[in-house]
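In structure tokens, one chain follows: the form predicted alone.
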Amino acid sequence: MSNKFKVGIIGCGGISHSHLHGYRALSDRVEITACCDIDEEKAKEYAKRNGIARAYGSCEEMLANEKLDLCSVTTWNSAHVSCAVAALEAGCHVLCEKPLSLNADEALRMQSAARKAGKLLMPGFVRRHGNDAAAAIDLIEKGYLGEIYFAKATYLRRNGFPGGWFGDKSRSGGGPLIDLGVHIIDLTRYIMGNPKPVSVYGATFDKLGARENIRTDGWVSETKTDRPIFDVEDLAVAMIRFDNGALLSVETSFNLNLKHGANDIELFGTKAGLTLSPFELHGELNNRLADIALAGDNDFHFERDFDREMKNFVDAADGKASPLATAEDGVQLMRILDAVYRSAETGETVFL
């Protein structure tokens, strides 16, 4: 009799493959026994291709017919709350891809379901598992940066709208802020010690739209639409103030007229500053300005760190580790995103 965790995959789109890879690296501890997708034929093909025993056309059907221990929710954003709550109520620990939900109210519902079920709900904040995050936290805890009072987080694409459901607000909840900004806002907050947000000022723009006339060789969504949908922002900017007095500036875009894209976090302290890409300290040495590049691998690697995230989830479910991301982290992030969108609508600062 196997003592392995039995795993179900909810949603068989692009990001599910990263979860699948991470579980397979733990094949001595977990067994992927079922998958589901609202496109049942897609689920069946996914199961066949990946050696999964059974496939279903809904999570409700899968949860009713399978005795699962763990579930990954890798659907589009609007389905996160219903799928995660159903899995929690069925007795599963849940790893839900980012963002946790469409808004803070849904996130609180998910958190409540996890507490009631006595199960783990872990948001998919994969950037927390990178070497850059660990190295930055180590430097900060040892006092190399001093007091961090300002940070900048940018995730800007010149031509990077993925298409499919990512432009459909009813399914995505928003544009680059909720898709890309979620990564950099959470990572910055995590590195800074998870300060609580107290006020937010934000602005959003839709000036370039989907930019479908521009050819791209970049990543595109697997989801196809009969007609192009783009009713989300193409640029979002925000200023977030935390309870410790620190300020975070955020810029994120799908499409923007700039020369080069950017994906970086910068932290500014009283003793030194730090950039994550490249990973460098900026400060003083012997009464001179100095830039210090640390030796070793201090980067984020997509596949490796997804594997780490999956291991952390399994370890946490098994009582062998604490999750690097908690349901409360997911709730706080959604409160921030809600406040940015609300501020963008009203033109006023939102106090949390």
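The structure displayed is predicted, hence computed values, not measured ones. Numbers follow the displayed sequence, beginning with 1.
Just so it is clear, the following notes concern the form predicted in complex with a small molecule, a form of the same protein that is not shown.
Stretch-level contact check against the small molecule in the predicted bound form with heavy atoms at 4.5 Å: of 74-82, 198-206, 110-118, 236-244, the positive one is 74-82. Of the residues given (K42, R304, R54, K311), K42 alone sits with a heavy atom within 4.5 Å of the small molecule in the predicted bound form. Only one of the listed residues (R189, H93, K98, H129) places a non-hydrogen atom within 4.5 angstroms of the small molecule in the predicted bound form, and that residue is K98. Annotated contacts: G11, I38 and D179 all touch the small molecule in the predicted bound form [non-hydrogen atom within 4.5 angstroms]. For the chain shown alone, S221 is a contact residue for the small molecule in the predicted bound form, at least one non-hydrogen atom being within 4.5 angstroms. Proximity of I15 to the small molecule in the predicted bound form: non-hydrogen atoms within 4.5 Å are present. Not displayed here, the small molecule is approached by F166 to within 4.5 Å at the level of heavy atoms in the predicted bound form. Within 4.5 Å of some heavy atom of the small molecule in the predicted bound form lies at least one heavy atom of G124.
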